[in-house]
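So this first bit is one chain, no partners, the form predicted alone, shown in structure tokens.
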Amino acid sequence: MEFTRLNEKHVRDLMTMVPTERFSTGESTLDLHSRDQSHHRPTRPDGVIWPIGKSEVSRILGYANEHTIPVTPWGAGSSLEGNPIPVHGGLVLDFSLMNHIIDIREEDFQADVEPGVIYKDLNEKLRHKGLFFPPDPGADATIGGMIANNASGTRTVRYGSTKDHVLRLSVALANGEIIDMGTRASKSSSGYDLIHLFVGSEGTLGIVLEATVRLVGLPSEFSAGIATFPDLGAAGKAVFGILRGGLSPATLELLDPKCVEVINRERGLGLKALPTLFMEYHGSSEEQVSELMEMARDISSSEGCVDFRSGIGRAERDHILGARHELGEMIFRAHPGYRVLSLDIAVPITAYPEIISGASHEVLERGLVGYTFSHAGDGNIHLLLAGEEDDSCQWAVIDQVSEKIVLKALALGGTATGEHGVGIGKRRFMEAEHGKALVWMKRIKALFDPKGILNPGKIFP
């Protein structure tokens, strides 16, 4: 696909659509929008626009489509697979100014939001109403970005991912046309489910302008606990046992010893440097959550648990979960001058012990710096591999290990990406994962975006 780079005439035309202060071609601005939090190489856009309404986005897209200028939507830049990197230059649409919570209908358990709303800000406002938006990717992600990537996070095992909480979308297509899909009803069997086509499409089919999201009630009681195991295999079996036992944890996170060491060093938590399972249960009474935790203790003990702590207070629970959310950043800080590849695979729960033990063994055998942690409750494993910035030999090994682990996950009936999206890094695995279905994905892309201007260079190999 041949794209057009911005020239002086394009800049003059675009500056008639938005005020000068909301359009920039300055070097520092372009640099800030050239990279996300991944290890992928940065690429500058030609210009950045901060839209503030649907009509502006519509006009900009219509113009870009007419002149074959690539357009990449930008939320918070917190993604980990190069999803918002403008690999073909063109325009970045930064939605940080479209950050309004339009309406909260607490009796319907719904909220209408613009794409630039940070989900933590929404939850802070909802907290006073006894509600929350459950997907929890950890970073300061925007809801538009979460929809684009179908983000999930620590609470997915209980509450599901972003796609399970989107009821209605307003989307701008490549030609500037705005379409609305979905309803405010709690369910519908009317027509094709376009919402789930756009959720997870990474801005390649259309750009989210507004969403109605489903909310849930804040639990009145919770119980949290930490289980320590002699090895990852035993911890993985405990995860399987807890889920098979129908305990429905709200959070079930597994950290390897190196992750525990990093957290201890930065937060002084004093945890044993062994594979550690952090779990949380939500319920309506203390008796209910206490009973669930005791059942989890029994299951963990049967799988060789060497230490089990429960009844953790809210402050300590928030401290530990906060450390888990910041673990990626801690690992980056622990390795200055390194790039870090973040592997994101998911497998069926029955395959979880095998894949997590195999990944750990592969890292040790190849002498790499690696950290394994996971949303164990849904079989989603993150392996962070750190390599010196300019050591091409080391990065060749990292790529080999990464590919081997992803292909193993696919062979076990899993996926190349559980929640980070395809972006740049996972394109090469799409044919192996999807087969002939990938051809139909390309046809859908061509139908909604014939000129291919929306976030080009993503998803497809």
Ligand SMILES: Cc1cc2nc3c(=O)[nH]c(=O)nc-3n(C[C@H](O)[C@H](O)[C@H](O)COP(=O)(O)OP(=O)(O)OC[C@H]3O[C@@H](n4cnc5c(N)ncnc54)[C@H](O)[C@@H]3O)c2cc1C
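Predicted model only: the values in this text are computed from it and were never measured. From 1 onward, residues are counted along the sequence shown.
A second form of this protein, the form predicted in complex with this ligand, is not displayed here; the remarks below concern that form.
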Have a look at Ala376, Ile207, Ala235, Ile345 for me and say which one sits with a heavy atom within 4.5 Å of this ligand in the predicted bound form.
Ile207
Option touching this ligand, based on a heavy atom within 4.5 Å in the predicted bound form, out of Asp298, Glu221, Glu329, Asp391:
Glu329
Quick one: is His420 in contact with this ligand in the predicted bound form, heavy atoms, 4.5 Å cut-off?
yes
Consider Gln110 of the chain shown here, and say whether it contacts this ligand in the predicted bound form, taking contact as heavy atoms within 4.5 Å.
no
Partner contact for Gln37 in the predicted bound form: this ligand, 4.5 angstroms, heavy atom:
yes
So in the predicted bound form, does Ser152 come within 4.5 Å of this ligand, heavy atom to heavy atom?
yes
Complete contact of Asp256, Tyr352 and Leu383 with this ligand in the predicted bound form (any heavy atom, 4.5 Å):
no
Where does this ligand sit in the predicted bound form: which of 361 to 369, 265 to 273, 185 to 193, 131 to 139, heavy atoms within 4.5 Å?
131 to 139
For 67 to 104: residues with a non-hydrogen atom within 4.5 angstroms of this ligand in the predicted bound form?
Thr72, Pro73, Trp74, Gly75, Ala76, Gly77, Ser78, Ser79, Leu80, Asn83, Pro84, Phe95
